[in-house]
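Below sits a lone chain in structure tokens, taken as the form predicted alone.
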Amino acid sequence: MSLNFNLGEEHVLIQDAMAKCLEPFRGRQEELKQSILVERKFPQDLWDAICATGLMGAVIPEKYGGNGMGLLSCAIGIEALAERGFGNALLVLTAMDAACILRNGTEEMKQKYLPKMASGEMKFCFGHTEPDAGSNAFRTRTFAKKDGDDYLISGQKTFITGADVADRMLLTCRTTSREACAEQGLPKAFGLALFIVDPKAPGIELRPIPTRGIEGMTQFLVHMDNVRVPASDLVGEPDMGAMALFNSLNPERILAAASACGLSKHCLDIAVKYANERAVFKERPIGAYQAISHPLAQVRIELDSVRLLTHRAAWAFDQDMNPGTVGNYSNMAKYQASELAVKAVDRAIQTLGGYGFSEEYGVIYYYEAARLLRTAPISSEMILNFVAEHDLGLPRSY
């Protein structure tokens, strides 16, 4: 069977839908960017416009209020938004959490949450990283103790994006401690669990962390003290949350890669436009000089290769391939995309010269977002560890 690299009709439609949903904001685009990037305000009106296109329903079947177009369509839509200078972490987080609930939740849970996630009525954040464990899920300390028909959850999470504006948080915790697993000779993956938690529930305290790099978002330290959560909000089975977790982490990395592709294209467009118009010596635009044009051409070439890798990862997820295979593709896509985003922003700044640091052009703000992608949601070094061990079969390094 021959390969076909053309986008499907539905993929082209979602690209067009993203462009059209931004049309009403054209007159206040710079004002909106200022609000998001500088004042760090969540753009609810923009969120509503994006969700009205059906983007959040892409990973959700029609029976639960979505359109079932798949993660590839969602990735293409998020890339199209980023290509126009708009990124939103809660789009990624809500989509990845929806994918997890769809593949691991009970029917009751799917009926309860997925329609509201598809419409955009309900936003989700992701409570995973911990102060001591970082993003190593197996060292999670946050603990859920059974109490009748509920669980009582205590612990801490850190760098939790958008916990103040999210309606729910998909929370990683333990239902069996690491120590108990070790005593019983159980594997380190045993004992993990995922819960859907209201970040405004009694017993939860949100402390803002003064970070930068996330558009219109604040990150939080989340402290939980005996937070009561009904057992019906446990995603999957107690102690068996490890596989369910990867049904969130793989889409997260794929959508992060898609966002990085769009950001790279946006910065490339800014640089190319400037290089075609700016003339310093004689009347020749600076884009005629190879010192300017060649680095931009390299970004363009690399963008196509990274986009193909990202699309393959999303396609593999939609094909319900083994999570390990999808994980390999998604990690590679995220690695290459984040490296390219940093390179693309850097070349745009270099092309614009002093204007690259001007708030008027805004490129300098994108450097923070691009640089963050090399560290989160998983660092480039951890991806290299993963590929070396799981793809190349080299000895584990940590």
Partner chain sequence: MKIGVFLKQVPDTETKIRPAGDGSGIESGDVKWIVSPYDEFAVEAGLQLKEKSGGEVVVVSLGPARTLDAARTALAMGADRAVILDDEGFQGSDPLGTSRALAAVARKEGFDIIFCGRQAIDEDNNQVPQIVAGLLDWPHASWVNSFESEGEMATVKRPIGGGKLEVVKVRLPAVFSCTKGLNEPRYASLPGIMKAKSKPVARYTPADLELDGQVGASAAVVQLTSYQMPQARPSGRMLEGEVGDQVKELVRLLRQEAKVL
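Numbering follows the first chain given and starts at 1. Note that the structure is predicted; figures quoted are calculated from it, not measured.
This protein has a second form, the form predicted in complex with the partner chain, left out of what is shown; the following refers to that one.
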Identify, from the list Glu30, Glu359, Asp45, Glu62, the residue with a heavy atom within 4.5 Å of the partner chain in the model of the complex. Glu62
How about Gln34: is it within 4.5 Å of the partner chain in the model of the complex, going by heavy atoms? no
Proximity of Ile364 to the partner chain in the model of the complex, heavy atoms at 4.5 Å: no
In the model of the complex, does Leu372 come within 4.5 Å of the partner chain, counting heavy atoms only? no
In the model of the complex, is there a heavy atom of the partner chain that lies within 4.5 Å of any heavy atom of Met69, even though the partner is absent here? yes
For the partner chain, considered in the model of the complex: do all three of Ala144, Lys200 and Ile204 come within 4.5 Å of it, counting heavy atoms only? no
Determine which one of 36-44, 337-345, 364-372, 49-57 lies within 4.5 Å of the partner chain in the model of the complex, judging by heavy atom distances; exactly one does. 49-57
Quick one: which residues from 18-42 get a non-hydrogen atom within 4.5 Å of the partner chain in the model of the complex? Met18, Lys20, Cys21
